[in-house]
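Only one chain is included here, represented as structure tokens and corresponding to the form predicted alone.
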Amino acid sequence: MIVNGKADEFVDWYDADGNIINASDGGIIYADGKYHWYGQALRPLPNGANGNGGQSTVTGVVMYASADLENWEYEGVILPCSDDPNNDLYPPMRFERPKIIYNDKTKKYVLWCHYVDYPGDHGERSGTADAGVAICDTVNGKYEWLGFCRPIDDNGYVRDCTVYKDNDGSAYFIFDRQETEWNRCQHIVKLSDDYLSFTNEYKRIETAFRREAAAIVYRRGYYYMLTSGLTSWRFNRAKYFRAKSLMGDWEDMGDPCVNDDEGTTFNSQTTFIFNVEGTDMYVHMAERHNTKNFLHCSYIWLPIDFHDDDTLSINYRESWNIK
């Protein structure tokens, strides 16, 4: 059973060893007969201290595995921070919103993230607003850090990001590109065949102006993109878009959340969407960020309801059975 709790409370999830699952703003990838849940391990804060940088990591990206999406085994740190002050990964820093896809041609797992170097503060200089990439031969092995760069050109800062692998095997980096304080918009950039760099093919999604935290799913002829507004850690109203083509025109479909009276995406923010293997069920992963102590963020998983008119909606459930 998936337990989200009431829409205004924080609920800890635990792994098989009884430890709090700490996998912020990551995703799910199905491989080797298991679901692998990964995310950035945020910093626990001593003595109940407030925020103070808890949104960064001193550990890295971690991974858990499950056969049933309910019972999770800790698989360890797959992309660790470094103890070398001259290394890109010296902590505290951020592998913000890490996402993993598999390349069928190269047989490599590829991880992209929003990279922010020491001390983990967003900025505009190189190393504070970039796309970072790492690779591995196995889904749960140690990923090799390859570096960071900016898609399209150096004039656009990388903020929240995700990756999407299409049905034909091509892959795309989707990100909130910031050019000025007020000019922020979702962009889609096609990745190279090996998924390790950017091509010159990209799309600015004008309808998704000042939106972040994108997650994409394809179903029955439409691509759907769920997003959040720009209010930092404060919860806001979700909005989704749909298109017949990733590089085509995206239609603003409004708020997908049903009975969300306060317009806060049920006090959470979109993280990822994954399919339950062997079914037509898609799960919307969101996170209820706990700014008083980021170790105790809540993971809010809800099934997506698709309708005959090619729209979708999300209803809040305090608990539900995933199969």
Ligand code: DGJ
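What you are looking at is a predicted structure, and each value in this text was computed from that prediction instead of being measured. The numbering used is simple: start at 1 and walk along the sequence shown.
Only in words, not in the display: the form predicted together with the ligand, which the text now covers.
Taking the partner from elsewhere, every residue among R97, W233 and H289 has a non-hydrogen atom within 4.5 angstroms of the ligand in the predicted complex. By the criterion of a heavy atom within 4.5 Å, H122 is counted among the residues contacting the ligand in the predicted complex. Although the partner is absent here, E212 sits close enough that one of its heavy atoms falls within 4.5 Å of the ligand in the predicted complex. For Q269, a non-hydrogen atom is located within 4.5 Å of the ligand in the predicted complex, even though that partner is not displayed.
Within 4.5 Å of any heavy atom of the ligand in the predicted complex lies no heavy atom of D117. The partner is not drawn, yet in the predicted complex one stretch among 88-96, 143-151, 127-135, 219-227 has residues with heavy atoms inside 4.5 Å of the ligand: 88-96. Counting a residue when any of its non-hydrogen atoms is within 4.5 Å of the ligand in the predicted complex, the one hit in 1-32 is D25.
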